[in-house]
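Just so you know, structure 1 and structure 2 below are the same protein chain in two forms, each on its own as structure tokens.
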Structure 1
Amino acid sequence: MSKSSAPDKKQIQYDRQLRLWGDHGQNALESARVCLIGANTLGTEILKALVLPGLGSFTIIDHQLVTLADCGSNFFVHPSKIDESRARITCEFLTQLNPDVHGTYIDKPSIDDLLKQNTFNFSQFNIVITANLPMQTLSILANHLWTLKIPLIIARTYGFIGTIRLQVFEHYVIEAHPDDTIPDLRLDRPLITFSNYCNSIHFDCLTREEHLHLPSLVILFKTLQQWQKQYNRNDLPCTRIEKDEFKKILEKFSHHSAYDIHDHNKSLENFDEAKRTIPSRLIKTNLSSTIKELFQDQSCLELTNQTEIFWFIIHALKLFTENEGQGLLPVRGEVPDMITNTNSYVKLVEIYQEQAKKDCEIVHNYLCDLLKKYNRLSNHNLNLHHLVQIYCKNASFLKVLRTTAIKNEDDLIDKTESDLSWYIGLHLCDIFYEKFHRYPGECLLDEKQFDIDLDDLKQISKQQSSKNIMSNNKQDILEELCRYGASELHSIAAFIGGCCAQEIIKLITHQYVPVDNTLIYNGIQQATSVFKL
């Protein structure tokens, strides 16, 4: 390998994750700034999973001192550091994991005082994370961040239960990376260059070798042309009978005069592939429901000089679709692997990529015109080609996530879904905390105190509920939560921390679809559930 093509240190260090979110995703991660409130076990596990892949910088806000209890579950403190600033100690240990990451901390004043003073600039962060923050403080913070339109991730562990809640005013998913996608090949509305290429191929004139390596995509299109001509149609075969007729023509094309008697007994891989891919190739090309919703979104229809660049690009895509695209999005420019020779496959790739390039250029021109119209075209966004390419390639999968704001959750009290009952139980524990300034089962003086706490917790539940009778399942959950005493188990914190970091990276890179909006982990059953609250 030559020196010019050899991977650099960063490519070697981050090789696996670069395969997931690419160089542009890594650049977004390395320029991101996050704020963690609470340097407890959960908080440090979240940051650990962000520091290792190369987060730009973080700030820890925590006024607590290191305690002996911290040393039992938090790997980023040490018994020799007891009674020292927990924010400073954890910050020092975390930055040792990756020298490229910059870490700072605030141990005075407390988060409550910062919110009261209202002088701290949360707008400097891409995302704010809380770890086991009391409900009263959380409510004030959530309301403040909602006003600033800064994403908030609320993480929590409580014994064997873990939760993640997202509060996002508006988040754009640009690269969703769906698991299963139907290739954008448009056999029902073929590209002119693709149609001309296929028309230049005549089955009768092919050599044996050419016939054996004819791409399945070409085979399907030639078969479709013959089927349409034979039955005087201009659409796709839809019914079972029509598809059977189509397959008969396909079978006829698989025979060739150059084959000898031994060849007739062999299956032709390229024709077998053509039959196998009929369901994913012979489909009607249309707009996805998500992109239709974006085109009709008020933010797309009513642009201003304050509108986010995302909506300008969506509007440019809309203009393309209504004009040059004739009702369709830009060509994606991807051709799936198929059984053929190199030259034939490269030719197909060139056809689709060339059309994708032309479509992208048109969208780019629309975008520049829009930005000029609203005085948004500056030196900062002059080079938008790469961004437009990403949008055009992923146009069918673009999404906008708008979650609800964190608010009073008393209306959830009577919900009966099994895992949601744990979330409701945690809410009741928060109400208990506001009343007694400690969690149920925490700091027990004797066995009687447990029973007293449990009775108080049940009483709170009855006061919040519209039902007179408490189910046995709910009583069991409250007893279990009381038994936990707000303890932090490292195994649960590590799992929730990893999941939380994953959601944060989704938000930072605008890749993959985040949880909408609450994830609940039941460590007893080792199961996760997602609820939209």
Structure 2
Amino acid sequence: MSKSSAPDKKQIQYDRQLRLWGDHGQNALESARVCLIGANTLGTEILKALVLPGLGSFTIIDHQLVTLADCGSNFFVHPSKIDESRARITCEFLTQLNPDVHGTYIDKPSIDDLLKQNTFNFSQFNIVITANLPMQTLSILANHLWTLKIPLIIARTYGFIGTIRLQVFEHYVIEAHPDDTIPDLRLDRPLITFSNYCNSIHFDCLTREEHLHLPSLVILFKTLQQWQKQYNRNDLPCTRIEKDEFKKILEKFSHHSAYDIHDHNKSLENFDEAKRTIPSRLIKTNLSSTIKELFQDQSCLELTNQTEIFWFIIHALKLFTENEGQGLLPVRGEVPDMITNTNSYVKLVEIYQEQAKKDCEIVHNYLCDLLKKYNRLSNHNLNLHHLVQIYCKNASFLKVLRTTAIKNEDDLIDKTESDLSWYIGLHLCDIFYEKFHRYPGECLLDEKQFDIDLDDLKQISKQQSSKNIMSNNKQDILEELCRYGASELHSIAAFIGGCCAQEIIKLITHQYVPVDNTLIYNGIQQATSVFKL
């Protein structure tokens, strides 16, 4: 495809999201298969935000029939479909949103029976999603998926409260796309080619034009060199006094014999930029804490024939860092825009990109040696170079996500953080459900039943807790949860649905950083908290 050839229909349709995760991310999404258990409001809202961007395929497991109440909450049913298979109807309506997506459903046996029979192949899925699945079934499923190492996302809505819990054995974040990055310019550990380039520039020999267009990065480096020479240092200015000394030298360099009074009154944009960017340029270059952790990880240190390629590349990066990198990662290669002329900027970009290319080549060679050593080198090598490039560029932000398995969360019962109290409250409602086969407050018409349910709920709480007195906050939460009676409010399901879908896209594309590992959404205050349970 030539540079100017027009995009095809799919590229136009997905244009707005391709700008976020690229063609390679889109390919990963289109090859992915997910399983949704529970085609309720929440479940269908999750799938909607996966189907629209072009998910490969989904399978819905739900044995329920469409009810009238579904029509007052779920967008993917219709009053004319009451008493029909909810799995089938929602599957139809969802695939209508995007005919490129392949949807299937299982409406018998129920998920409980499927798990009992233990013949269903969950390994065909990249990810399994549960939407408001009762606790007992969930425990069995979660255990099963943990053994299979298949990521599980547990989504819930309950009145104005929503939760998302990730159960992931091991996930690699390859392209984190951090929002705010400090560019990798290394003034304290300058590239040799950069040093040489700066050394070829002498302030006294510059013409007025050259001085006006000197890149701020060069200005800062030369000022740094001068400061180091003058004060007999080989590091960066850090104290207030040292920074003032630095700025004085910078100020001195901003003068030029050819400047007239007119020029003096105008401020020099490039020198202003130099001053302004001091905080982000004059910083110590070092290894990010995340990459250091990865280097120390067992999986990196103990490579085997079965190890994921991720760890092989981490190990290759480690070797680079310990040798040619002299303690630093491969150069990222990006140079932020700065006020200067074309040639100077292009020259700087060349310098950094050349170094990045060289570093990447070395990492690639280490990788090939390692793969050879462990008999993993194959004909898939053609893509290795590109893969190594991505890892090198994102080295500082590579991450591994390992969550705990879902366990009985009774030990959280006495935590007092507000939002965690809601999560615990939901857990108590689950215990109530196991006991009475309905949720507290589910029955609307009976006021007396409400009071009885609330009492029972409080009893359950007391039984689980080691404390004698229930806080006012806790009492309020239990009363409010009773009020909800497990109501599925559409707007709350839409919130959790959107969030879940994006977490799933993160897991599929290995781009952006997933939640680690529990999100609690409070729709009353419009607030979220994240807990690592």
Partner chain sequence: MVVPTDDSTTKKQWIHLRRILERAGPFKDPNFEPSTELLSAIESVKILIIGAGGLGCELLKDLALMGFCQIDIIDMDTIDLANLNRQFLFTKADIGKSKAEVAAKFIMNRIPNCNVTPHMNKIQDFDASFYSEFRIIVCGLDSVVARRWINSMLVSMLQYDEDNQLIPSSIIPLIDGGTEGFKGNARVIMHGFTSCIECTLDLFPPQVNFPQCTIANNPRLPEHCVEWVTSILWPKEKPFGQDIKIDGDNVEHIQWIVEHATKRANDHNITGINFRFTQGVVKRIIPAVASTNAVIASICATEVFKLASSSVMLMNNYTMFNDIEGIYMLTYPPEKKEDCPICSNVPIRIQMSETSKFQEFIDLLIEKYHLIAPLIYTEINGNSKTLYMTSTEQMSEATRPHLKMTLQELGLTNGAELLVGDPARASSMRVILTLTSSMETSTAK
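FYI, numbering is relative to structure 1, first residue = 1. Take the two forms, find the largest set of C-alpha atoms that superpose within 1.5 Å, and that set is the rigid core. Because the structure is predicted, anything quoted here is derived from the model rather than measured.
Here are two forms of the same chain; which is the form predicted in complex with the partner chain? The chain shown second - structure 2 - is the form that fits the description.
C-alpha of residue 230 moved at least 2 Å between structure 1 and structure 2 on rigid core: Yes, the C-alpha position differs by at least 2 Å between structure 1 and structure 2.
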